[in-house]
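Just the one chain here, the form predicted alone, laid out as structure tokens.
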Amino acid sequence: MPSLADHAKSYLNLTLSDRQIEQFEQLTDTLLEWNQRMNLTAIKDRDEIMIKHHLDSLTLLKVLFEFDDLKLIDVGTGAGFPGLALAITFPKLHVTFLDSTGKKLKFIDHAGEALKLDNIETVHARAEDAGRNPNHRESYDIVTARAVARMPALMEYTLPLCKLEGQVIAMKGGTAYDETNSAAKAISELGGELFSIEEINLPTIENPRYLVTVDKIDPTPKQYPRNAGIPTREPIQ
């Protein structure tokens, strides 16, 4: 199978340095090692990790064209994707990993130390709480999330964290269009505007994935996000 460097070059026109290739290999090793002790990923094959985690994370290059000196937050990051792959590839991008599960953030802290990444930090909190915290509210140029929640709830988790003129990028599967249609009211109410839905076809993966990009055009009203759990139970629709 072609290497990650091969895929990155042919698919994304991205050239990875020898050091970055080494870091991705080390990240895979660390992920598999820690996965024996805690449930970080159901994907245990190295080639699948390369495609479904590393390359999938880097597909944000399809919709983002500037990374240097920007602040990105990875909401509900889990095992650290897409954030870790982006932090390796763009050393001048500052990446914050947000999750409510402390054990997973410990993995990210360990991986960051092992890979000598000095452009990352972790935040142990629920998205609803972070969105009301002045240290995080409307503080990020890019807010991204992968496999976190359906779009109506996800918008309430992400748009309050996004700066004016920033972007939320939701990484979605085959329900992307239906979910985005159902989130139209939430997007508008929370200060966003749908920019695009980009189809992504990964090598060896049969079904396409989608990147849903929402621009932040107005401040999020102060009453949002609502208390923990409410956005999922009672989404804005």
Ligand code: SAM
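When you see a residue number, it is the position in the sequence shown, counting from 1. Everything numeric here is computed off the predicted structure, so don't read it as measured data.
Only in words, not in the display: the form predicted together with this ligand, which the text now covers.
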*Is residue 125 one of the residues lying within 4.5 Å of this ligand in the predicted complex, judged by heavy atom distances?*
yes
*Considering only heavy atoms, tell me if residue 76 and this ligand come within 4.5 Å of each other in the predicted complex.*
yes
*Would residue 157 count as touching this ligand in the predicted complex under a 4.5 Å heavy atom rule?*
yes
_If we define contact as a non-hydrogen atom of the residue within 4.5 angstroms of the partner, is residue 93 a contact of this ligand in the predicted complex?_
no
_Residue among 107, 97, 81, 140 with a heavy atom within 4.5 Å of this ligand in the predicted complex_ = 81
*Candidate stretches 110-118, 142-150, 84-92, 162-170, one within 4.5 Å of this ligand in the predicted complex by heavy atom*: 142-150
